[in-house]
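Just the one chain here, the form predicted on its own, laid out as structure tokens.
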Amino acid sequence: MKKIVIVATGGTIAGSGKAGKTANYHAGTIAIENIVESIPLINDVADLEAIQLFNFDSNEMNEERWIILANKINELTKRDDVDGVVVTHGTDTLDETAYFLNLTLHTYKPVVLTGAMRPASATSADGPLNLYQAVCLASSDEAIGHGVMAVFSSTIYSGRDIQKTNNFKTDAFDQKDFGCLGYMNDDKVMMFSRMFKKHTLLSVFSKMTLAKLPAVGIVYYYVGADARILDFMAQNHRGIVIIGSGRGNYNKAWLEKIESLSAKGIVFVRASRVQQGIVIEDEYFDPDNICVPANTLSGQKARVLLMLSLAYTNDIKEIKKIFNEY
């Protein structure tokens, strides 16, 4: 039987509220040991160890806590007796945490995130099945080498591409138009695809010792948006991700402001507010190729990659290469 460590960070899976109700609850109130005890079959899957690292709503996650979490998982996966790790996490920011771990963990051992859309006190809470299947996946040889993954509603997602797409259904996640990695049939793992972008052991960031991440902000473009907001953001940020229209687009006033601020050392990434598609170099909206195209990353994930990139290098050409490879 394989050894799987569950690292708990809180979230709805550890939430409680009025008995039977799915809304108006407090996230991160139940200990991981109590959640595990509610799933009798889970002990037949693996030899489990549980660590309560945090216990809060995932909106309380931040860069410092990411680093603590990544360091803890790296520490655990170095142990010869540990075969995989499962992280319980709130759904609101799970996609950001999954991508950060995908870039910073130095292991090929399975690391699987999961959580819940309904608190533990709700009728038909979804957390127990999600956690059970996450442990099953982390225990499977088929999960080795896929980078960080997530399991929700019997679906296996990559840490790079998972995105929350619904705020009340239990099947709340998707992977844009790439399709998922596979499915869970109860405890059975069925993998159908693989992530080809760099991750974990092949990531340059997994070899770095991180103490703090450079400040990177996100600005959302909309009709009539004042370009002076970029001046404000530039005061306290080394990098800015622009969530633009279409293929990461904006108006001429924004283009002029971007050109001015980039000359002062601010690094810009162009992402899109459109859920499907890709952002590439654009001769009209970025004629001098100042900005880094976000490729298929969402704005929040582009921010994660830009923070790590700026911790690694200040070379714009190198950062553009990283955005293509990761």
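Each residue number is its position in the shown sequence, starting from 1. These numbers come from a predicted model, not from an experiment.
Beyond the structure shown, there is the form predicted in complex with a small molecule, which is absent from this document and is the topic of what follows.
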item: 4.5 angstroms heavy atom contact with the small molecule in the model of the complex for Ser309; value: no
item: Interface membership of Thr91, the small molecule in the model of the complex, 4.5 Å heavy atom rule; value: yes
item: Distance check, Met117 to the small molecule in the model of the complex, heavy atom within 4.5 Å; value: yes
item: Non-hydrogen atom contact Ile30 with the small molecule in the model of the complex at 4.5 angstroms; value: no
item: Option touching the small molecule, based on a heavy atom within 4.5 Å in the model of the complex, out of Asn59, Asn43, Gln275, Ser38; value: Asn59
item: Interface segment, criterion being heavy atoms within 4.5 Å of the small molecule in the model of the complex, picked from 282-290, 296-304, 267-275, 50-58; value: 50-58
